[in-house]
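In structure tokens, one chain follows: the form predicted alone.
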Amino acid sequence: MKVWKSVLVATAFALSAGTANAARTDLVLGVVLEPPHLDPTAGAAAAIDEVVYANVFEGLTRIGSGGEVLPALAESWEISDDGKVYTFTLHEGVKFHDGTDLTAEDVVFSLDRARADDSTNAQKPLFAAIASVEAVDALTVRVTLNNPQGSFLYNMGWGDAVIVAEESAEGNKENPVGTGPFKFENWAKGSSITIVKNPDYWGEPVALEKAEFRIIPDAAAAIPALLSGDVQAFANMPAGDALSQIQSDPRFEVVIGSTEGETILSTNNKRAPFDNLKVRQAIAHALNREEIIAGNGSGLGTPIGTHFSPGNSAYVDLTGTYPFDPEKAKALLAEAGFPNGFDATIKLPPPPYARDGGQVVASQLRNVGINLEIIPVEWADWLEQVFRGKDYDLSIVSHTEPNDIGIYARKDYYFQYDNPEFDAVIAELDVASDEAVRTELYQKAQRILAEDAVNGFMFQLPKVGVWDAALEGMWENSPVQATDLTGVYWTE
């Protein structure tokens, strides 16, 4: 048997303890998007995890600031020699925020609920390899897989895999009840969400007594809120042209990091004429990534040529697969039967990378004969029309889920991409545990997506972090779509 066990490290908390008497303990963070609800197990919006992941809800494992897998509710685990059976030992004395005890039965309920036929979990395929979940005793859970899965422990660290209690699960959208170091206090719709320190937390206590996520959707409001001190931090700042001004102000720390956000021109691969490879190749040749990055609202980003983060060691730079070449784009459209181009629509959700970047994309496609009608939509409408309804031609969105290249193998996913060769690579990847083999498969999958021009692969969304210079513990990068406050503290 392989035995895995880790110990929680409390360095940040030890540092904060020494300044506890002088340091403030409240924090107001600006967030661009208001979540549709607060249950990470029942929604695809990144804004949900941004508030509750690691703060309010916890899983068996968690993803650390460097993208590593760490223990969370499970203090240790054993893996059978055949890689199919995981036996988790839970921490003792864990309570949900309503005072009920966490037991193995809650884990059974959560994982069975996530993989059930009627599951509303946005990442249900994460749980597809699970054959059974059983409570061995009050603090021991045995998960048996249909086949070995190299990413299983990582998958259990997603926000979609957090553990919830049966008695409170249905109310988590409006009144989230987790096991985390913060408790939900209030949601003023359209304004802010407030969480407070959980005095009964099972693990290391957090330094902050209270944190408010204030909803500030644009730079015009974000800049004065920051400069006035009304807001002390933005994990993802919509700074726009004012970024240089903030960088020169010694009151603030500005950290440009990376995310898992592949920003793409989402394409409906089953809707004509986008079901034609030559049309998709023409679009790929029509996109000037540097111009799109310059006009995306922040002027920051790393060009990508496939659906994979440049920060990942398995990344392959495929931006040269279809280099910017408007004349080649026009020729491909003619070969596809559209010598005079065609009309289409593009639905743009609220973030500046979509609304501002969408204007640039529409201009570039217009130059090769593709005339786009721009349709601004709110997030709720985007989720309903584009993500769930697949009622769209083109859209722009950042896919911020970690290591999510496998979404292209999902037959019901909104891209509606279908390639048996790609599916076979992902199936092989799912059961591979050797890192060298996994890297080779990741790279093969990247190349297939790039060559098929499944979407317009544009750039990796930057993480523009801005916060008070006296604030410590904010993450530089975003390996998951979250604002983890568990190690955040004030030095003065």
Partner chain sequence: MAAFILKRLAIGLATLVLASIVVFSVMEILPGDPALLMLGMNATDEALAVLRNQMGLNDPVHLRYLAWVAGMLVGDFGNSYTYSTPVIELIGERAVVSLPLATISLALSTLIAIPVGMFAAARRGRIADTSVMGVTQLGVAIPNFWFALLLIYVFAVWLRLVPAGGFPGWGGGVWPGIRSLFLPAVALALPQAAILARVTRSAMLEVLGEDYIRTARAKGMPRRIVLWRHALRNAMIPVLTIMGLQFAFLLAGTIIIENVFYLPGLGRLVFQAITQRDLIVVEGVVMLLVASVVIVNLAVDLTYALVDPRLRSRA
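Residue numbers count along the first chain shown, from 1. What you are looking at is a predicted structure, and each value in this text was computed from that prediction instead of being measured.
The same protein also has a form predicted together with its partner chain, omitted here; what follows describes it.
Colleague: State yes only if every one of P35, A380 and F387 has a non-hydrogen atom within 4.5 Å of its partner chain in the model of the complex; otherwise state no.
Modeller: Verified in the model of the complex; spot residues all in contact, yes.
Colleague: Can you check 177-185, 300-308, 257-265, 221-229 and let me know which stretch has heavy atoms within 4.5 Å of its partner chain in the model of the complex?
Modeller: Among the candidates, contact is made by 221-229.
Colleague: Which listed residue (R142, K330, K173, K278) meets the criterion of a heavy atom within 4.5 Å of its partner chain in the model of the complex?
Modeller: Only one option qualifies, and that one is K173.
Colleague: Report the residue, out of R410, K197, H91, K95, that has at least one non-hydrogen atom within 4.5 angstroms of its partner chain in the model of the complex.
Modeller: In short, R410.
Colleague: May I ask you to check whether G59 falls inside a 4.5 Å heavy atom distance of its partner chain in the model of the complex?
Modeller: Heavy-atom contact with its partner chain at 4.5 Å: absent for G59.
Colleague: Give a yes/no on whether K210 approaches its partner chain to within 4.5 Å in the model of the complex, heavy atoms considered.
Modeller: Result no; K210 lies far from its partner chain in the model of the complex.
Colleague: Is it the case that N312, even though its partner is missing from this view, gets within 4.5 Å of its partner chain in the model of the complex, heavy atoms only?
Modeller: So N312 does not count as contacting its partner chain.
Colleague: May I ask you to check whether A44 falls inside a 4.5 Å heavy atom distance of its partner chain in the model of the complex?
Modeller: Yes - in the model of the complex, heavy atoms of A44 and its partner chain come within 4.5 Å of each other.
Colleague: Looking at its partner chain in the model of the complex, which residues in 119-141 have at least one heavy atom within 4.5 Å of it?
Modeller: S119, T120, A122, Q123, K124 sit within 4.5 Å of the partner.
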